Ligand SMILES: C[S@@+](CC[C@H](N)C(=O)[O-])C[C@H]1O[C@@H](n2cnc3c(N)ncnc32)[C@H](O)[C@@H]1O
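One chain follows as structure tokens, the form predicted alone.
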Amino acid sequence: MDYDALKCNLKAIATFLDDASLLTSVEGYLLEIQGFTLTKMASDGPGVGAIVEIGSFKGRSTCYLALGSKRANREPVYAIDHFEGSPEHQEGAECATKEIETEGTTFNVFKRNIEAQGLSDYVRPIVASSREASATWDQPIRLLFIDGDHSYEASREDFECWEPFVVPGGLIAFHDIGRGPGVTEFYNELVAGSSAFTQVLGVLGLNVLRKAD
């Protein structure tokens, strides 16, 4: 038996369980194993540059990303969202959100969740639409997580606005592949139509592409 490999695997499992327990109070749609995947990419992923998240909602995925990067003493996480919710979060919709109904924003609960996890020093929120934020962005990105409006048009716009900043060899992750029809259609077209991106990971709908060198 390879005891070193076993110890490494057990350590990873323990970290996964600790993180899942730590972030159980942060509401969101990200599965624990998907969150752990984001944490590992933030801590160990290739390249040098910022971590950018498109669509932060109440901060669940933001916390997972920031945990990983903070542990590795790497780059901060830029959380880009208008915090007004996607169509499904509006009053009367499928995933109606109380903060949207009462406050018109999830930004206040987002800030409380980030502060409660002790991650304020590693999160840089940008309250703007994806397109607005990209218009003034000028930094390289090593990890891009696209999880905003899941329509085909919005997913394509998010990708087209931000992909040029992703460094060669950098990672681009999409959420809800196979669950959100629009984002799934765009993702499948992208993978089938371009040799510049290779899928390197798929975790229950969290699919990760690597940009060619």
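Start at 1 with the first residue shown and count on from there. Because the structure is predicted, anything quoted here is derived from the model rather than measured.
The next section is about a form of this same protein that is not shown, the form predicted together with the named molecule.
Remark: N113 does not count among the residues lining the named molecule in the model of the complex, judged by a heavy atom distance of 4.5 Å or less. Looking at E103, you'd find every heavy atom of it more than 4.5 angstroms from the named molecule in the model of the complex. The named molecule is not drawn, but in the model of the complex it has no heavy atom within 4.5 Å of T39.
Mapping the unseen interface onto this chain, P125 falls outside it, with no heavy atom inside 4.5 Å of the named molecule in the model of the complex. The stretch from 83-91, 67-75, 114-122, 135-143 that comes within 4.5 Å of the named molecule in the model of the complex, counting heavy atoms only, is 83-91. This chain is drawn without the named molecule; in the model of the complex, the residue among A173, V183, V52, L30 with a heavy atom within 4.5 Å of it is L30. Interface residues of 56-74, taken as those with a heavy atom within 4.5 Å of the named molecule in the model of the complex (partner not displayed): S56, F57, R60, S61, in sequence order.
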